[in-house]
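There is one chain below, alone, in C-alpha cells, taken in the form predicted on its own.
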C-alpha cells in the first residue's frame, strides 16, 4: 500500500494543482435586476447582440424589465430607440424611473417597416439600444438584427409572442416573461452557458 501523505503538504509543495473558483462575471451591460444578472453568463445583457423577449400578451408589464437599462443609458446621454410599441410609453412614469426622455426616440412604423427601421438604427452606431415590436420576424430577419447589433455595437431587444418559443432563434439571449401574482422571467437560451431551471422573480425590484 502506498504511503499516505497529507494533502495540505502536497499543495504547499506545489505537487498538486490547486484549482480556484472562477469569479462570477461582472457584465458591462447590467440588466438592473441583480437576480437576473446572477444567472446570466455575462453578468448582464450580452454585448452588441440581440435579446428576444417572449410574451404571453402585450401590456403585462414587459417594459419594467428594460426600464433600468433605458434609465442607465439615457442618463449617460446615450440614445435609445423605441420602435412600434403597442402602447405609447407614459412619459411621466418613465421620468419617475429616472429615464431622461430627451434621449429616447419613439418611432411609429407600419408592420412592414418595423424590422427595417430597427436594423437601420442598430447599424447606425448612434444608438445604445433599440427596442422593437415586429409582428412578423423569421429566422433570417432576426439574424439581420443580430448582425446589425454587432455592427453598430448596440443592444437589440425584440418583443414577440411566446408562441415563437418552439422555433429556433439566432438571438444571443432568449427570455420568456410569465405573469402571475408577480412578474417573473424564464431564461430559455443564453449564449455561453446553460439556462437556469427556475424562473427569476422580478418582484424584488431594481438593483
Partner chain sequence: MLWACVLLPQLALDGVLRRREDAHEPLVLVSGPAQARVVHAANPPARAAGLYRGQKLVAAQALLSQFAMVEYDREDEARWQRLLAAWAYRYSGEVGLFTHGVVLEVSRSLNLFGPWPHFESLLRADLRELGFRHRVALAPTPHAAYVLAGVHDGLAVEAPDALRHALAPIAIGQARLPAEVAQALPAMGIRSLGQLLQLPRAGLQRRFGGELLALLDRLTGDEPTPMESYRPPDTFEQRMEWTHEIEHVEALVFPLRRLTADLATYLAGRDGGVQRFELELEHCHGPPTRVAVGMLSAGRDATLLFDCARGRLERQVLAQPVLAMRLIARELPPFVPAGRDLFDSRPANAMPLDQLRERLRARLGEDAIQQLRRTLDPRPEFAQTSAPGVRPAQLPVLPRPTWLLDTPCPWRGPSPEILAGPERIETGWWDGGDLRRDYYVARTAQGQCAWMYCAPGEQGAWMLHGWFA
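As the structure is a prediction and not an experimental result, all values here were calculated from the model. Residue numbers count along the first chain shown, from 1.
One more form of this protein exists, namely the form predicted together with the partner chain; it is left out here, but the text below deals with it.
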Problem - Contact test, all of 57, 92 and 152, partner the partner chain in the predicted complex, heavy atom 4.5 Å - result: yes
Problem - Non-hydrogen atom contact residue 63 with the partner chain in the predicted complex at 4.5 angstroms - result: yes
Problem - Contact label in the predicted complex: residue 147 to the partner chain, heavy atom within 4.5 Å - result: no
Practice task
Report yes if any heavy atom of residue 165 sits within 4.5 Å of a heavy atom of the partner chain in the predicted complex; otherwise report no.
Solution key: no
Exercise for the section: Mark residue 125 yes when one of its heavy atoms lies within 4.5 Å of a heavy atom of the partner chain in the predicted complex, and no otherwise. Expected result: yes
Handout entry: Residue (of 49, 53, 39, 67) lying close to the partner chain in the predicted complex, criterion heavy atoms within 4.5 Å
Key = 67
